[in-house]
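Single chain ahead, by itself, as structure tokens, in the form predicted alone.
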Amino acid sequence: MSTIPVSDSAERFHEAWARLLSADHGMAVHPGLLRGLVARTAALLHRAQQDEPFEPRLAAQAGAELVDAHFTDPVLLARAVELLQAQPVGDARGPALTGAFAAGWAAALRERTLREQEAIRTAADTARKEAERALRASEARFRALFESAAIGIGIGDTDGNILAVNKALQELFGAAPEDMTGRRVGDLVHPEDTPGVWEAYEELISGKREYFQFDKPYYRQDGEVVWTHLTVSLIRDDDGIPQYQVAMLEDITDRYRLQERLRHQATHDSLTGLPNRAAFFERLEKLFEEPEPGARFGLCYVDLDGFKVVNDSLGHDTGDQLLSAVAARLKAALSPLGHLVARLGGDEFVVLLENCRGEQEAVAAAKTVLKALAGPVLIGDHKLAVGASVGVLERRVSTTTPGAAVRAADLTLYRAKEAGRGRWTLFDPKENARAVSRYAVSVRMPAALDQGEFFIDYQPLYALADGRLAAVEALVRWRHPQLGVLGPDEFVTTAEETGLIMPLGRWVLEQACGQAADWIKRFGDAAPQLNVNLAVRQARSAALVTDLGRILDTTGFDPARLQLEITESTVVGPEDEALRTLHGLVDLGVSLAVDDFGTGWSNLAYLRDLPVSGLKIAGSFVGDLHDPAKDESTGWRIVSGLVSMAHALGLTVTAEGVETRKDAERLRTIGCDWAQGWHFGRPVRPGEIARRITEEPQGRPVGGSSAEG
């Protein structure tokens, strides 16, 4: 090991570390060996404190070396953790270093214990076999091992009756032999038992498994809870028939409580005791894993008004006390309602509403926040008036992502502050998209194409009549280095306003046509049609026809397999110049469809002037069918009328936003041609589309789904 310069702080730590390891911990260590152990472990911890980059494994190695040297007293671990926490460590690596040391110590102790347990189990099995050959000698040896073992051992029959317990197990439970023997194993159930422990037990006593291990709590005789590492093994006779079960229990209560403290520190804010940013995002992301159709959630993003003035004028200590008081008020007001309150950092808090029942509930939570903070806060001699601004977001889970939801709530908060503070403001999708777009485009977008930050996902469209994969819609994504993955609604509008939509649109057409051409080469007629969205500015460009012709020639993609989707605002009247471009596209052999139909036009007669062959019913029509505030039967009549009108004009109809099997079947019965939405599949990478082409049958019941979520 190379020599490490020792600073005054490191020297003081080395001395304190030596005193700690030299203290009486129930064992004697040769001075020469002890000096070597002190030097090695102190050097490892010092390197973990100072080295760049930070290597937590060095601290874990130090903890493991103590266990290898038989320093296994939990009191020693607690004092070592206290000593490490007292050390000044830069760049906030202190908690991580302390946690790594404790984890290394615990892992090494677990391995040591498991080795001892395995030795005991093997010895017990050997003793059983010897008993059949030399019962009296074997019994004596087994009894000595059984009684002198440092961990608790219990023996039971396969009917679940406890036959014998050793002294260590009696001490673990604080019970006399008569309190244990004769009891049923099932009597030892604890409300916090690890899921699966009793299923594993049933499998063991029936002979389906040989052993199992769990961390499991028990009630002691005095009512206290003891946490154990439980290993239960099955003992068979010479014919392989289960005869006995042997349980070995190691007391891990101190280690468990230490781990719980470390876990709490990792997920809770040290100042306020509220869940921290990591815990909040973990809870939020869990909502998005397997949401129910139509599931909703709400966010209240809270920022204190004037907190910086308090911090700057009265000092950080007063500011910290104010934050603690605010956290207590928010928790008292909102936790009884079932809402999660977390501190994101600084003077920012967030309230998460799971299974939100609509905007009214989210707004009610925001009003509760403002009411909770309405009264002054008394800190020392100061009576501080504290106010807050709240950004309120309430959405269906299926319409967003965790990152996008938090960004939207944050931007909504700043709209509340701009409106005068001390108020709540409700999320506005258009305002949010404009805010995100303005920032993203102005800072990054000009260079993003050159740096490969854009990529394309493909959402499947299925034919409702026979259940085949009919088409895929190309959806551009932006992997922004600061904002994460952005959807098209977060940057396309501003890209249009700045003219950047033209190079971006060409890139999307080139990539999507190249990908679709590859699918045709690999899968022939089984390859789906390609749908690509055209922005308004693209459709109004005379160069689009030339660009698309070049792309089709370069990629070799059949134009008959390409459908371009335009919005209702693309053409504003029968004399619009954009019509010339659209007719030029159709002359190339591609088809056109109207996207999000029903959200923009006031004059349906424009449909007669457009060279379109299909329309897509906006997802809001289908989504509104599940809105309890709106009449479902009226909604279905509107959808049915749109389908009939389109068919009368000779157009195919695609329904967007289909999330349930019931909706898909109803759409099929009213004659809708195609459908897309989470029921059929979210936007996915090209490889998943290829898998669907090869693995899915070319026709299936419309209610079936291989969608994720």
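Note that residue numbering begins at 1 and tracks the sequence as displayed. Quantities reported herein were computed from a predicted structural model and do not represent experimental measurements.
There is also a form predicted together with a small molecule; it is not shown, and the following applies to it.
> Please pick, from L534, V351, A362, V232, the one residue with any non-hydrogen atom lying within 4.5 angstroms of the small molecule in the predicted complex.
Selected option: L534.
> Work out which of T570, T412, Q538, T228 lies within 4.5 Å of the small molecule in the predicted complex, going by heavy atoms.
After the contact test, the surviving option is Q538.
> Since only the chain is shown here, I'm wondering whether K417 would be in contact with the small molecule in the predicted complex (any heavy atom pair within 4.5 Å).
So K417 does not count as contacting the small molecule.
> Please tell me whether any heavy atom belonging to G422 falls inside 4.5 Å of a heavy atom of the small molecule, as the geometry stands in the predicted complex.
Output for G422 is no: heavy atoms all beyond 4.5 Å of the small molecule.
> Is there any non-hydrogen atom of T126 lying within 4.5 Å of the small molecule in the predicted complex?
Contact with the small molecule, no.
> Hey, in the predicted complex, is S398 touching the small molecule, heavy atoms inside 4.5 Å?
Answer yes; at least one heavy atom of S398 falls within 4.5 Å of the small molecule in the predicted complex.
> Name the stretch: of 637-645, 52-60, 676-684, 34-42, exactly one has residues whose heavy atoms fall within 4.5 Å of the small molecule in the predicted complex.
One stretch meets the cut-off, namely 676-684.
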